[in-house]
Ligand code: PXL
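As a starting point, one isolated chain is supplied in structure tokens, in the form predicted alone.
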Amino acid sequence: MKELKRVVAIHDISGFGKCSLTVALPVISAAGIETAVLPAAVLSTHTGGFTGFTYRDLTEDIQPIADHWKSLGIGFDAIYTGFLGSFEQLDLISRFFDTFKTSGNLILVDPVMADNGELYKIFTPEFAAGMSRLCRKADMIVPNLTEAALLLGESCKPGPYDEKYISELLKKLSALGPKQVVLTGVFFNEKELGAAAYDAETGEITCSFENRVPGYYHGTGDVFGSALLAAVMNGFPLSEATGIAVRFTASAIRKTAAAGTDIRFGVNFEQSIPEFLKDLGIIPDIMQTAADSNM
């Protein structure tokens, strides 16, 4: 039995609507990884398409939680951050990195702040600069194309893109500090959509695509980021982990479209978990273990 790894996911949590922690916790746990959570806020629903939602900010709880974990000697094999709602939270999570970073663990930052060429309305260009500073402390970042441009202080270009532009963007993002960068929302034609990955240590750039499903689906960035981290933590190189995450996300979107699910509710990733675990090689291992125990 291999050693159980531990991830801490630092995101907000919505009581209804699949995104952030309600995605990260089940996806990473299903991949055989212990998943601790540090909620940055609690909402009744996520904010994509819903109105009248409740919101409780948990900024004041972040440092006491970190202090308690530190006093218990708790450590993490990976730290995974998503939506952070304020400058104060950026500073607190930067401090969290300083406290819990080790020579052997992984810090993954998903700089959630923009999409479709626009910064989210609650954020300012100054916040984007603050997120860029946080990304300098990461080992891996997972921005979409809009977030990538904002991190670099550049204007966002519409697609389709070409390989040269994506390659240059990946390398400039890595120059901020993270040795591994995965760009989401990459497409070279209108029929396919996927992600591009860059590993600065090997110099390798790879792309993974699936057939595009028309429409916009909430929570897919969190599905992708959680699957990517789970694959990396299960020993897959970045290129393969990116492909696994692309396939899982695309499968969840296809199932959502086929079911006619209200897109506000998030994607039906639960129905794609068996495929995801097969991709990770976990389901065959479980079956073999069961067979061995019956011998």
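Note that residue numbering follows the sequence shown and begins at 1. What you see is a predicted model; the values in this text were computed from it and never measured.
Same protein, other form: the form predicted together with the named molecule, not shown, and the subject of what follows.
**Q** Counting heavy atoms only and using a 4.5 Å cut-off, do Ser14, Phe83 and Gly219 all touch the named molecule in the predicted bound form?
**A** Yes: Ser14, Phe83 and Gly219 each sit within 4.5 Å of the named molecule in the predicted bound form.
**Q** Would Tyr165 count as touching the named molecule in the predicted bound form under a 4.5 Å heavy atom rule?
**A** Tyr165 lies outside the contact set for the named molecule.
**Q** With the cut-off set at 4.5 Å between non-hydrogen atoms, does Tyr120 touch the named molecule in the predicted bound form?
**A** Flag for Tyr120 set to yes.
**Q** Can you tell me whether Gly243 touches the named molecule? I mean in the predicted bound form, with a 4.5 angstroms heavy atom cut-off.
**A** Flag for Gly243 set to no.
**Q** Can you tell me whether Gly48 touches the named molecule? I mean in the predicted bound form, with a 4.5 angstroms heavy atom cut-off.
**A** Looking in the predicted bound form, residue contacts with the named molecule include Gly48, since a heavy atom lies within 4.5 Å.
**Q** So if I measure heavy atom distances to the named molecule in the predicted bound form, which of the stretches 234 to 242, 257 to 265, 39 to 47, 25 to 33 falls within 4.5 Å?
**A** The contacting stretch here is 39 to 47.
**Q** Within 4.5 Å of the named molecule in the predicted bound form, heavy atoms considered, which of Met140, Ile79, Val112, Leu169?
**A** It is Val112.
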